[in-house]
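What follows is one chain in structure tokens, specifically the form predicted on its own.
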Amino acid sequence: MKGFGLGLRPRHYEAILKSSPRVEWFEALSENYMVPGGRPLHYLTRIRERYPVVLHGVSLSVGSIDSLDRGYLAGLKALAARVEPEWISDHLCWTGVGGRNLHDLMPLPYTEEALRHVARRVRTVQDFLGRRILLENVSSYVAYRKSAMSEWDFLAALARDADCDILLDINNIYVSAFNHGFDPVEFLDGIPAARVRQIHLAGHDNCGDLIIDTHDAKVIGPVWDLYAQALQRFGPVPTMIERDDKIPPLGTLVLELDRARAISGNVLRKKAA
């Protein structure tokens, strides 16, 4: 799958069906559609008839020490059989422990022990689903004293050891680089190009001494610049814009997506020259 996509949001359902926007694909939040029926699944089915779809989850909790939720995996597999997504993704994180959901994407300690643990769980998930998954780097606000490697080295090693792919969130790299004081380009340089299958772009809230990943604003200039550098390294990776709050009309997001198209076209032309 190629091109530029948007996150599928309920307020845009009718506009998508009426206007057939210049969007190559949509990303649906898995948990919103893991039900037997209802309005969301009805619209997803109709939109899937016109556009390719990918599934993106927030509840896999692949980094947790709790057992994998087999009921959740069964629901995800059933949804995938119904909508035939191009791929399925989730986050490299943990979302709860002891059966308690924190409703947040918590970072991991980047240690060899954690790497072995997560790689085993990813392989189990992929065997159950019968397909590779993509894992996304999360934005973070805390770090672990026991971490023995960088986030990008951990992600690269996980992709190798679990034979999974990567959803690279450019905004999350920018946010975490600011919060933890590392060079975002070093993050890009540490990621294996062959594993990157999708890119996320989003906005955030700069609080002065901390950046919070909010997905409620436009992509800012430095994130666009980092996206251009990512394209220089990884080539034409399918790219989408996420907006989860303060969601504007569909046309406004399509115009923002056009900026990603323009940047991609410019970078790739120069790269080919």
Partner chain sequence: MRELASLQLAFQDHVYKPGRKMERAMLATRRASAARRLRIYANAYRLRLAEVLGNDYPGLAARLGEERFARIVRAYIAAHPSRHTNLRWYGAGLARFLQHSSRGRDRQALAELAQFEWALGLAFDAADAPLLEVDRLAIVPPADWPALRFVLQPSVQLLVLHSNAPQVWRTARAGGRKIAMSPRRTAVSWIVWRKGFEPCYRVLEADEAWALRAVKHGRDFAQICSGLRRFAGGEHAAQRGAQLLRNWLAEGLLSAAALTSRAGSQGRRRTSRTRRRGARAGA
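Positions refer to the first chain, counted from 1. Fair warning: this is a prediction, and the values are worked out from it, not measured in the lab.
The following text describes the form predicted in complex with the partner chain, which does not appear among the structures shown.
Taking the partner from elsewhere, residue 124 is found to have every heavy atom lying beyond 4.5 Å of the partner chain in the model of the complex. The partner chain in the model of the complex comes within 4.5 Å of a heavy atom belonging to residue 35. By the criterion of a heavy atom within 4.5 Å, residue 111 is counted among the residues contacting the partner chain in the model of the complex.
The closest non-hydrogen atom of residue 64 lies within 4.5 Å of the partner chain in the model of the complex.
Contact with the partner chain in the model of the complex holds for all three of 96, 101 and 208, each having a heavy atom within 4.5 Å.
Though the partner chain is absent from this view, in the model of the complex it lies within 4.5 Å of a heavy atom of just one residue from 83, 106, 191, 133, which is 106. Just one listed stretch, out of 124-132, 157-165, 183-191, 141-149, contacts the partner chain in the model of the complex at the 4.5 Å heavy atom level, and that stretch is 141-149. Along 67-89, a non-hydrogen atom within 4.5 Å of the partner chain in the model of the complex is carried by 69, 72, in order along the sequence.
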